[in-house]
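Starting off, we have a lone chain in the form predicted alone, written out as C-alpha cells.
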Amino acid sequence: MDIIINGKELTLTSSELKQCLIEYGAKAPFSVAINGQFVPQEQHANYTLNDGDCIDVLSPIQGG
C-alpha cells in the first residue's frame, strides 16, 4: 500500500497506522492528521489506513 507521509511517498507492509508511524520513524511527542483530520493517539493502534492516504506527523515547536 502506498501513502504520503509529510509530503513523501512511502510503501507500507501493513495498513495499521501504528505500524506506519514505526516504519516512518516518528518519535514522541507528535500529533497525527490523516487527510486533514487529527487522529487521537488512543486510536493509532486501531486505525486502518487506505491506499493513497495523506498523513501529516506534527511535532511541537518551542520558541520564545
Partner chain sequence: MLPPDNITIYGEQFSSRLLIGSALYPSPATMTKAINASGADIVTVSLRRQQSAAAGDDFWQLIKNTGLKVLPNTAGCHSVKEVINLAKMCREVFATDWIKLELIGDDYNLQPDPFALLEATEILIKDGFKVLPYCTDDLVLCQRLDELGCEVLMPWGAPIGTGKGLLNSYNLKAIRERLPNSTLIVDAGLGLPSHACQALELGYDAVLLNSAIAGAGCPITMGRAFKAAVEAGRFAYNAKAMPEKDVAAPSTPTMGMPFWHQT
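Residue numbers count along the first chain shown, from 1. Nothing here was measured: the structure is a model prediction, and the numbers come from that model.
Keep in mind that the form predicted together with its partner chain is not shown, yet the notes after this line are about it.
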Contact flag, I3 vs its partner chain in the predicted bound form, heavy atom cut 4.5 Å: no
Any non-hydrogen atom of Y24 within 4.5 angstroms of its partner chain in the predicted bound form: yes
In the predicted bound form, D56 touching its partner chain (heavy atom, 4.5 Å): yes
In the predicted bound form, N50 touching its partner chain (heavy atom, 4.5 Å): no
Residues from 45-64 in contact with its partner chain (non-hydrogen atom within 4.5 Å) in the predicted bound form: D56, V57, L58, S59, P60, I61, Q62, G63, G64
